[in-house]
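Next up: just one chain, as structure tokens, the form predicted alone.
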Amino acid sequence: MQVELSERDGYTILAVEGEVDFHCSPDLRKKILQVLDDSGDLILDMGGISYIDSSGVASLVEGLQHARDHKKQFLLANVQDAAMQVLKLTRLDSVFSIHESIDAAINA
């Protein structure tokens, strides 16, 4: 898993590439929480995620809870089919704010 940070229109964008599984999900969790603590609102660009398992989804849920507790936005963008299937299967697609693109997330 690789991550890249950028800033745009007041949002921190965390772009993730590769597989998000039990080996790397703790690193993703740490990065999400760090960005939420150090910056403002977060958009997680999931366009490069080829696979996500339950531990990866748990990291996303923890990030969402942390954002809500600190009155910040945590948005998902560019969610690919494999990850979307997992979110739908767990019914989290209705819990997260999911957008087709970074632009759509910023303009929401």
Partner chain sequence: MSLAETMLLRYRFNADSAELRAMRDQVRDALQAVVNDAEYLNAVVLALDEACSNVIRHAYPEQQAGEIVLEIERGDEQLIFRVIDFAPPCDPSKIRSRDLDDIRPGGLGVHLISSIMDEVMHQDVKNGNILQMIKTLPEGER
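Residue numbers count along the first chain shown, from 1. Predicted, not measured: the structure shown is a model, and the values here were computed from it.
A second form of this protein, the form predicted together with its partner chain, is not displayed here; the remarks below concern that form.
In the model of the complex, no heavy atom of Ser97 sits within 4.5 Å of its partner chain. In the model of the complex, its partner chain sits beyond 4.5 Å of every heavy atom of Asp9. The shortest heavy atom separation between Met84 and its partner chain in the model of the complex exceeds 4.5 Å.
Residue contact check for Gln34: none of its heavy atoms lie within 4.5 Å of its partner chain in the model of the complex. When you look in the model of the complex, the only residue of Val79, Val57, Ala67, Leu75 with a non-hydrogen atom within 4.5 Å of its partner chain is Val57.
Contacts between stretch 1-35 and its partner chain, counted in the model of the complex as any heavy atom lying within 4.5 Å, involve Glu19, Asp21, Phe22, His23, listed in sequence order.
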